[in-house]
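Presented below, as structure tokens, is a lone chain in the form predicted alone.
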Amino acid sequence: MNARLAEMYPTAFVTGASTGLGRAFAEMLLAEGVSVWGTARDPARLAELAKNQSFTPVTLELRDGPAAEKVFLEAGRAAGGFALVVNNAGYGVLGEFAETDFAIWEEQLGVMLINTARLAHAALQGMRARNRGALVNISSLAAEFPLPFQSAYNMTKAGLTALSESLMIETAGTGVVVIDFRPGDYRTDFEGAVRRPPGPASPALGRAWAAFQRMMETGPAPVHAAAALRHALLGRRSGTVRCGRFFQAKLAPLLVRFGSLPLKRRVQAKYFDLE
């Protein structure tokens, strides 16, 4: 076991730890000797992780911002403060923006952006007081390449990226690290967490969903993302981490940087079978 990470970040709080990338992050941290407090809406889904004595299951409902913050602060007191906080929890909604009840989009924005920012605010207060720690906001490459028919998801991820960029400036020169972590498509059950509001689906939506499913099924395993996060944490520097398949994490950002917006949009349309 490499003790370096545990020495740097002895305690960690990971939201959405029951499955997918969140579970991979929690397992990586536990393997490094870190004491992990991991959350899920249903604590029964954390039972396997809880077999490790260094893991503490936490029931957290991110739909209730004040209650979620209270849970986080109580866990932090029990842990003696969190050296690392990973804001990972989230879900998708697939639907045409104008044809979907706006309350559905509003709820997603509240859960994944406003309430996640609330936890980041609480976490950063403790880290600034101690002048050490790392805050990791799990954004997405969707912040750069928006997913079709998932408008609120794209908005939340772009918002988290903007928040992280802001906090990097505010914490410069301190002992606090802020990481904007942007994964692409990974082989997780995220598609199972994508809600599809009732109503007819257009042929374009159907094609985009089929392309999204194919990418999820053929993406890298979540341990790949966990390794990227470990490497970033060991670097002790604020910054942006892009990870995923080569095209998404390497080539696509170059397209954004050096290509034209019309070219970028054509590539996106082709990628999701929308041409």
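Since the structure is predicted, the reported quantities are computational estimates derived from the model, not experimental observations. Start at 1 with the first residue shown and count on from there.
Another form, the form predicted together with a small molecule, is not on view; read the next lines as being about it.
Just one listed stretch, out of 202-210, 53-61, 234-242, 27-35, contacts the small molecule in the model of the complex at the 4.5 Å heavy atom level, and that stretch is 53-61. Comment: the small molecule is not present in this chain, but in the model of the complex one of Met112, Val178, Val85, Met127 has a heavy atom within 4.5 Å of it, namely Met112. This chain is drawn without the small molecule; in the model of the complex, the residue among Pro146, Gly95, Gly159, Gly184 with a heavy atom within 4.5 Å of it is Gly184. Not displayed here, the small molecule is approached by Tyr153 to within 4.5 Å at the level of heavy atoms in the model of the complex.
Interface residue remark: Met216 is counted as part of the site for the small molecule in the model of the complex, having a heavy atom within 4.5 Å. Although the partner is absent here, Ala78 sits far enough away that none of its heavy atoms falls within 4.5 Å of the small molecule in the model of the complex.
Looking at Gly90, you'd find a heavy atom of it within 4.5 angstroms of the small molecule in the model of the complex.
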